[in-house]
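Two forms, one chain: they're shown below as structure tokens, one block per form, named structure 1 and structure 2.
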Structure 1
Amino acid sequence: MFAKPAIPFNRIVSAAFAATMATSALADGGTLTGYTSGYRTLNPAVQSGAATGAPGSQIFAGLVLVGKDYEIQPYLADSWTVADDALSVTFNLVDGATFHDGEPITSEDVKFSLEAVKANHPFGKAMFGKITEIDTPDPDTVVVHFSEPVPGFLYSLQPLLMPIIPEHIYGDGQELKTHPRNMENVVGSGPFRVVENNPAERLVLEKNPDFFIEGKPKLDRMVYPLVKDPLTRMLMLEKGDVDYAAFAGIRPTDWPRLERADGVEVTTDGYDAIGYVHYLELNLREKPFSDLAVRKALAHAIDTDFLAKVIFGGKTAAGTGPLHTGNPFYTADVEIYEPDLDLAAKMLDEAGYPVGADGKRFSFVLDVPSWAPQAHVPMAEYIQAQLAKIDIAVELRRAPDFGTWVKRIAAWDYDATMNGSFNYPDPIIGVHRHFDCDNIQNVIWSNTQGYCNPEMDKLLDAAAIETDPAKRMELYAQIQKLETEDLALIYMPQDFSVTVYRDDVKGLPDTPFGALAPFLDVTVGE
């Protein structure tokens, strides 16, 4: 009798009380239920990542959107012109757009937002560092000037990375990164507005009736309860309690279960632009990792295909280099290190690391950060077990909290660490930072490993200002090849990022930004 789940208790309860709720339910254009793993702010101008980005992209509008094949589409800017010398862009804003409090969105707000992001967002400098001046000749026109061409500029202008925030709220002189209005009484510019924000329980967004695109969004409400426990998520998804979950945070082993569930769809689409990659970062300043032969030996010892196929159930690709396989500039034509433990041992012997009297070649501490344990713990455990076979002793050190890990890595005070980062659609934002000599900084997710190759720098600089797509493509092919030859970072299987949704959810954005794009056409049910 228990083979099939009984009717959930809450369904019975809600049925009993449906009568009282029916009146409001009739006018409903649909409520989409998702979940969140928690966020410290709703303002994407001061926070990167999906936790803030997913609701943030609904609450705030951007100047443009990125379409299916990476084509730029109008959003808050209904048109724009790039100057012939590529040193300025002029945007024309749509008419009559307002913030959620009714104040008009003007060119001054756009200027304020650009400057706010440049100063406060972790990628601010990478994205907008070359902006020299922003003109606002009239309330509907913004002109942005650059010192050098910035080919990826327009990609950075969608709401995830460049939300339009109200100057009349945030321009009060308070520190933007910890501004109280980032969490309380948030005034946005996007298709949905915040009606309930209780970080310990849930976030409720409601359709913005005055949204600047007529007839959009189609949904009436979006509810994001806080659900952190992967097990709970899994059961909620399986039971259909959740309509839509991006960055679902499920395990690869959960996939088959979900596929068996009725009316539930699973997809890895929609993460290409984000490009979440994982890697083994070795501190290149000290022996033995300063020695390229050692890094190559490690690359031969670590079988990333095994990790991808067995540990991650074949649901994610083994990364080949700095670019995610979904990135438009990705190439598979790079240096590949076939898994071969004997060869790895031989290379270490030749590099001057024979097995010592204590039975070890050398030992090192591998840091395991706390922010992506589902990926990093298996990888680290595997690396430890695998390297033990070629007599390298790996001691794992799990950071007790985020800050401890950040401090160690940013201070370059480590041997090796598991790590990961987002590519973002333009490699200038998410990729260059790891390899540029100038970006060897005491800042997390910069070039903390201390890699510096003048040839690489030349390629990166050229790619950063190359406006011809074909030539840029070629430059990135060379960059990927060179990175795998130098092994500045050793790439692991890519992140298992999935979206789970019920099959009555229609109109999901099928763009490279997928989960982090605004839900203008989404509907639930009929």
Structure 2
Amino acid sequence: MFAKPAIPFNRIVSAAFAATMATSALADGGTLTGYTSGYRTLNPAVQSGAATGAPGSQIFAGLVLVGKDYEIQPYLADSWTVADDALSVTFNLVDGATFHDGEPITSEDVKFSLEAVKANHPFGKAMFGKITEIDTPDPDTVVVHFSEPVPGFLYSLQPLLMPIIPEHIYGDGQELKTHPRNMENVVGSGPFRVVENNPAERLVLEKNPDFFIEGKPKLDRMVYPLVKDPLTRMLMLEKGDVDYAAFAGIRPTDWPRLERADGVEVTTDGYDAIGYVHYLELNLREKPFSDLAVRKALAHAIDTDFLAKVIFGGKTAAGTGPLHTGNPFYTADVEIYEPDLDLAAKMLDEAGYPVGADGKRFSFVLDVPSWAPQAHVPMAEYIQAQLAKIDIAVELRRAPDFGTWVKRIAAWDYDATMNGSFNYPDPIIGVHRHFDCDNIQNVIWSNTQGYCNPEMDKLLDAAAIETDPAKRMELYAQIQKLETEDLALIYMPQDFSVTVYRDDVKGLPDTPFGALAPFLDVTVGE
């Protein structure tokens, strides 16, 4: 289950944890092999999601880490102090940390990184929009000021969401989202450095010998060949050709098969903080999807319980709204659209979409992403077949690669798409981005559907600064209720997230972020 974050925002953290991280009881060495299904950038400052986040969390360090029980732990910041009014946080950086090119990591780099993420990340505004000023009184001190309290701020400072990137590389005036150093000669701040990056073939990371935590990382190398075909990936996992694969993309029916394979382990651990939810995203800018009655009719036509049981083998739950059922702010007290094709057809008739002379009410193109095909493809095929029963023609358009799909959705050049995203521990990080009017951007995994409701904005703004847990809980209950009434997104079954690894892989992160945390203690062949 998703544990409720228990660390109060005004906690003062000492540097003692850094000393424990420096101890090493196991011998160093080993190469971890995996695979990648494709990525557009290695810079998490400009891209969310696992494709970038998994390698990015190894290449870049953050100010903090999130521990096993959601405890905020030191990383590049060895201590910090929150002001009594919660309107500023002062960070003290570790001594002697350097980028992969040997340049020192300073407070100016931290300031630059915060500003870069705020301006370029899909939900940078949601995380850091209330930052008013960042002071750097000396190279080792950063003071962040806010216009209002930000309860989820510290959870946003891990490398997955706020990597420390070098100002001397990225501050050259070039557009950060398309900066050539996002992929070429990448200079990071984390435990591994890029030694080979050919997106058409493979990614190779190598231990950073000058990493600021003594004795870490323990691995020598991480090798990720490009493997797009799901069947090929499954065979590699079964044969043990892969040491480690997170977000493995297996079907529930594959689980027993992999468990029977010699030396192979399968687990759903390490996804608690992710809160991966699937949804049908409709472009709300034009009819028919700008019509709420049409969206409600579609919701009645889709049986998400059936999908959870058949496609996911009953190993996941039907989504009821924007928050994952394991999220500490989740509520089931929302409008539920029971499956009813007759009611859906009647609603469409009343909304002005009768069956025409061609036998169709209307038609649309449903874009199917290249990622998570084991979930998106069967769900899309189900939707196509189900809506045909109420005389809606759905054409499936399968993206040949991740970049093609991203370009279409980010440009709003689509009718509808299968999609999914992460909640993250605090809804400010992963949920607000989909519903805030100000976050309607040409950026993937933002408010690309074009939803805007001033009442929702008021609720989001209030929840973003509320420090009383009970009051925040009530605000998020209202947010979930309003979303299900407006159907900004139509939620599908939650994801069946699985990690497959060889049994000689030890020291995997046991934090809620799992594969999206730095691999400081991982070894192979011990």
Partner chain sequence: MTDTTLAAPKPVSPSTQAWRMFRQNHAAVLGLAILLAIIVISLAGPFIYTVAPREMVWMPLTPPGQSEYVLGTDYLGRDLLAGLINGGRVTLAVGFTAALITVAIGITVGALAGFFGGRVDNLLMRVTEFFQVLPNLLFAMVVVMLFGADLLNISIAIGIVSWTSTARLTRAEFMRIREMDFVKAERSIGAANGRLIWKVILPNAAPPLIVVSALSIGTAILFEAGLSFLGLSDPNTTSWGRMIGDNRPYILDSPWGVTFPGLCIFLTVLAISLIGDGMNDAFNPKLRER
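In this text, rigid core is short for the largest set of C-alphas that superpose within 1.5 Å between two forms. Quick caveat, the model's predicted, so the values are computed rather than measured. Numbering for residues begins at 1 and runs along the sequence of structure 1.
Structure number of the form predicted in complex with the partner chain: Only structure 1 fits here, because that chain is the form predicted in complex with the partner chain.
Which one of 274, 164, 53, 182 sits right at the hinge when the rigid parts move between the two structures? So the residue sitting at the hinge would be 274.
Let me make sure I follow: superposing on C-alpha atoms, what angle in degrees does the smaller rigid part rotate through relative to the larger between the two structures? Smaller part versus larger part, rotated 22 degrees.
For residue 459, tell me the Cα shift between the two structures once the rigid core is superposed, in Å to one decimal. Looking at the C-alpha of residue 459 between the two structures, the offset is 5.5 Å.
Once the core is aligned, what is the C-alpha displacement of residue 363 between the two structures? Give it in Å to one decimal. For residue 363, the C-alpha ends up 9.9 Å from its position in the other form.
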